[in-house]
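One chain follows as structure tokens, the form predicted alone.
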Amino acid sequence: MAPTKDMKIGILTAGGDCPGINAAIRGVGKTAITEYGMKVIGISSGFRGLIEKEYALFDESQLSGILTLGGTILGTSRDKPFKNSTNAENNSPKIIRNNYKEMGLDALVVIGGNGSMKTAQKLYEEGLNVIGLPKTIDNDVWGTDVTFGFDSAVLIATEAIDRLHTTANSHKRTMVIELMGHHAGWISLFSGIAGGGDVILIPEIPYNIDVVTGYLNKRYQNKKPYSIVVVAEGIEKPRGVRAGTYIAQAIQEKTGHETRETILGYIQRGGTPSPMDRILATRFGAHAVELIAEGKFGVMVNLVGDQVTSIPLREVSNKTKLVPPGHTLIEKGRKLGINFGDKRS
């Protein structure tokens, strides 16, 4: 193992915020400073901060008290430095490479989702020593069993579904709740099962609205006076229409039963991380520093079973982890009588 004292590592957070990012920053920073004697540089506003050289040296005291905070103390952005990189006017990759050297960085930890891991791989190809940490509430980063942020989002969404049960029952309504997930339905699947949803619609399973409304009509005929429909935002729908709004209107038109929609939105991404997300983010952060100390770069920290390990960034880039149609939760849900809007329902 090479000497680590006085090594300088940078940390940035890119893409959307989610619960657990500050726990990961703390995990990286405290491990680097207390265990290895490294210097830790916090880079502001994602890759933009690396381009504009907006950064500050962290000491251990600045990393205290952030474990439970939502969001990111570093700030974030969705800047994509390699977008249109073939355009001669886009000097971002060169600027980042030069600034990395001028800042004296020995390694860069990139905390982000799918797009950020793709950028991290490209930076590695540019010669930077990069480690990726996967975060997103959508749980759609390929190569890891779970991302931090997901557990908190499921907890928030499940609580919202729990609350809708009482209103739906009181008014004898069908309640539709739209949850985040453009391409992957992990949040809707997990919170739908946990919250006792009657219908769960996710992007990975094509649905037929007549199957859904037929199922809901049978519930009314069987003296079940209300229903909960959980919808991922990325399901098929007309352009320019919210998924929850579209499904709610279709249900009311086709069944004649009073239907209301709730769009949970950014509430799923905010606030205090769950204990599980704090633990996972801390483990990821600490492991990233161990990899740096061992000189292992171009990898993303991941969770396989209960083991925190790593996978080459090149294997993660350009992939999305979707819900398999035969996922055990879907199969168990079908046996419970949950409707997924398809022919098997």
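Since the structure is predicted, the reported quantities are computational estimates derived from the model, not experimental observations. Residue positions are given as counts along the sequence shown, with the first one as 1.
Omitted here: the form predicted together with a small molecule. The next part is about that form.
- Contact annotation: of the candidates R78, K94, K224, K254, the single residue with a non-hydrogen atom within 4.5 angstroms of the small molecule in the model of the complex is R78.
- The single contact residue among G181, G112, G197, P273, judged by any heavy atom lying within 4.5 Å of the small molecule in the model of the complex, is G181.
- In the model of the complex, V130 stays away from the small molecule, with no heavy atom inside 4.5 Å.
- A residue is said to contact a partner when one of its heavy atoms sits within 4.5 Å of a partner heavy atom; E233 meets this definition for the small molecule in the model of the complex.
- Looking at I137, you'd find a heavy atom of it within 4.5 angstroms of the small molecule in the model of the complex.
- By the criterion of a heavy atom within 4.5 Å, K122 is excluded from the residues contacting the small molecule in the model of the complex.
- Comment: 137 to 145 is the region of 137 to 145, 254 to 262, 214 to 222, 104 to 112 lying near the small molecule in the model of the complex, near meaning a non-hydrogen atom within 4.5 Å.
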